[in-house]
Structure formats: structure tokens, C-alpha cells
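First comes one chain, alone, set out as C-alpha cells in the form predicted on its own.
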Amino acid sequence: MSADARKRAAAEAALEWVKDGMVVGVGTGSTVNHFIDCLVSMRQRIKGAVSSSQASTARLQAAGIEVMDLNSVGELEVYVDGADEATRHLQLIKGGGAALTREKIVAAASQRFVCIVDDSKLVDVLGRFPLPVEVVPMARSYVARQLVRLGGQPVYREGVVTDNGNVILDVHNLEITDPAALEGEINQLAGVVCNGLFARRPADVLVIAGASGITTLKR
């Protein structure tokens, strides 16, 4: 089974958590794009969606699914998103698509966070994928120096501006043995908007698509 087919299988499996009348939180990325395509079959049965990025908003609207503002909806029953890395403890690295801050907000506002991945994203220790950090532009160099002191090698993601108007530093060569502690430490740096560790609010359900089928892990 190709990587794209595994992503599609994970996306289809996530429909199990979408119920009639829901407003569905929708993340960002290639696996989520499959989920949006799958969600079309249910568009008459759901109230709409809250999106974590302009890209997902455009795809949802093109599919005929109403996109609603989180402020007017309140708490969501379910949020479906992908990840760049995931552990069996359901802790994640996200932000490869530069939507990490809005993704973290929607996850925090949701009762259940369903993360959909193919098995190539499953790791024992987070950090093989560079950790994205969203930074206020004027603080980029300062934050980069602090990230070096934490043992990482930050690289400015040139040409990328987030939906919030900020920039991304991708931090390489971190071995993240205590994700929750590092998440908090980085977020305390002046100028950091958010980082891509989802450990303090991990996934509630991890749907993993592999060659032998779907594996589901729950918190």
C-alpha cells in the first residue's frame, strides 16, 4: 500500500468519530486533505467545520462544507488532524504546514482530538522531524540563539509566513525525552508564539494506517 493510500485509509477511519449534527474541527496537511474529501459524503449531516488554516478553509468551502468561526461555536466535540511525528503515548510534533498555532487552539477547544497518520510517522522518541516554532518576526534571531542553548539547531524557514503573520524556525537535532517540559520551556521564550510539540494536550485517539490495516491507540 502506497503512502498516499495509507493516508487515505487513516482519513476514512476517522469518520467513525464524526456524528450527525456536529461541528467538526479540521486540521491541516496532506492526510487531512483526504479527510476533507471523505467528509464530503457527510456534509448534509454535519452543521459545518472549524478550520485550522486558510488552506483547509478553502478546501472545505470548495467541497460545499460551511466553515464556522471558533468564537461563535464554543467547545467542539471532535477535532481531526494529522501529525509529522507521533509516539505511542499520543504525543506529537506538528507544524510542517506552518499551521501549528491555530491547530493547537482548535485542539485545546475540542473534547476529543483524533490524530490520523500513516505508520511512517510513528516514532519511539520525538525529534527526528525538526520541531517547528512560530516566532514574532522581530524576535527571530533572539529566539534562535535561545534554541541553540537548549541543544537544537534552528533553521529559518525562508519564504514562509504563517496565517498569523509570523515566521517559522525549524529546530533540528533535538532528542525530546520530556516533550511536555520542553513544550513549556520553549513557549516561555519571549517572542515565541507557539511550538509544534503537542504533549500537554496530546491526541486522545491515534489512528495509524499501515500495510496490514488500521491500528487505533487511545488515551
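Counting begins at 1, following the sequence as shown. On a predicted model such as this, the values are computed, not experimentally measured, just so you know.
Just so you know, the form predicted together with ligand 5RP exists too; it's not on screen, but the next bit is about it.
- Proximity of K7 to ligand 5RP in the model of the complex: non-hydrogen atoms within 4.5 Å are present.
- Residue contact with ligand 5RP in the model of the complex: D84 places a heavy atom within 4.5 Å of it.
- Within 4.5 Å of some heavy atom of ligand 5RP in the model of the complex lies at least one heavy atom of G29.
- Ligand 5RP in the model of the complex comes within 4.5 Å of a heavy atom belonging to G96.
- Residues placing heavy atoms within 4.5 Å of ligand 5RP in the model of the complex fall in a single listed stretch, namely 29-37, out of 58-66, 29-37, 187-195, 158-166.
- When contacts are defined as a non-hydrogen atom within 4.5 Å, none of R140, V143 and E183 contacts ligand 5RP in the model of the complex.
- Of all the residues from 102-120, the single one having a non-hydrogen atom no more than 4.5 Å from ligand 5RP in the model of the complex is E103.
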